[in-house]
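Take a look at this single chain, the form predicted on its own, given in structure tokens.
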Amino acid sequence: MSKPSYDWLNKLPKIELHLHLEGTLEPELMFELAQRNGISLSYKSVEEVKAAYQFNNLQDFLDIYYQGAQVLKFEEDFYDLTWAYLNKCHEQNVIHIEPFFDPQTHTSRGIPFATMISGISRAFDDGEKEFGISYRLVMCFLRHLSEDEAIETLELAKPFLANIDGVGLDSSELNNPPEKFTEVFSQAQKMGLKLVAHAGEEGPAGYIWSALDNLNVQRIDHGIRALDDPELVVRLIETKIPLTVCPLSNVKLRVFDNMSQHTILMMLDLGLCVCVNSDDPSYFGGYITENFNALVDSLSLSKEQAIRLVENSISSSFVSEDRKFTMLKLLNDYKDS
């Protein structure tokens, strides 16, 4: 049985700061691209793929995630992937996005950097023209690989920096602490790129400290383990460091057994700068509106709390002050409607 849709949430202007483009690959598009590119999948049908989306932990998910990404080969594939996500954003009244992409997932298969960045950027430009959705793009390093490989990826990205706004750190968190990537983040900072990192999802609160102190990040992706360390909570509140929380993802990957246990609203009430995002929506059961819906269903999210969460997203975004002002005006118009 499908969950109810809340009209007031559908109309809420939204911003997404934690979204993996490869994680928006719906099974239908996966099969379409596999057929188009002559790629054989391990699954016989869309239904079989969906049945495999039962994960015990982050690694279970990543195994399927990387397999799905194999169907992306040509510029048009990356365009189609991004365009499908932008259409979903338009449906859900998302007005600004700052997605991640994982170049190493593709360059390791011989896909040229130019192929992926051209397809993604072309779709973003079309989305801005057609839907008015502004964007910033964050390139992630895969933390299960070496820092030397991350530095090589940063070198590959240099001709395309006009299309890339920041760098991040994702993939398997356990046993891959942020300090493993201190040098590449230092280089990226000198190049003027924004800095973010996944920390405190499956990894401990100490990884959040490390991302702040060793990588100098401006945002923490996930960060829900912060509550394990009261001193860290105080620091995050005082410095207003954003935490880009992904509720459905946290439940799907067994960080919480069910949504009623999620701590995002507790974090909001403490004064932490938390916001709602969808992470890998194809795999985790919903895009950003479905994440908000789940918070209403399980935690009785109020309209006032939803507005505060979006205000945090706006203040945490990497856009100009003018664009932030415009987005806040849209949110204020919504409040008054």
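A residue's number is simply how far along the shown sequence it sits, counting from 1. Every value quoted in this text rests on a predicted model; they were computed, and no experiment measured them.
We do not show the form predicted together with ligand ADE, though everything after this point is about it.
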* Can you check 55-63, 307-315, 24-32, 39-47 and let me know which stretch has heavy atoms within 4.5 Å of ligand ADE in the predicted bound form? => 55-63
* **T82 within 4.5 Å of ligand ADE in the predicted bound form, heavy atoms** => no
* Asked: Going by a heavy atom distance of 4.5 Å, is D77 a contact of ligand ADE in the predicted bound form?
  -> no
* Asked: Can any non-hydrogen atom of T244 be found within 4.5 angstroms of ligand ADE in the predicted bound form?
  -> no
* Indicate whether ligand ADE has at least one heavy atom within 4.5 Å of a heavy atom of S210 in the predicted bound form. => no
* H20, H222 and S249 all contacting ligand ADE in the predicted bound form, non-hydrogen atom within 4.5 Å -> yes
* Select from 163-182 the residues with a non-hydrogen atom within 4.5 Å of ligand ADE in the predicted bound form and write them out in sequence order. => D170, S171
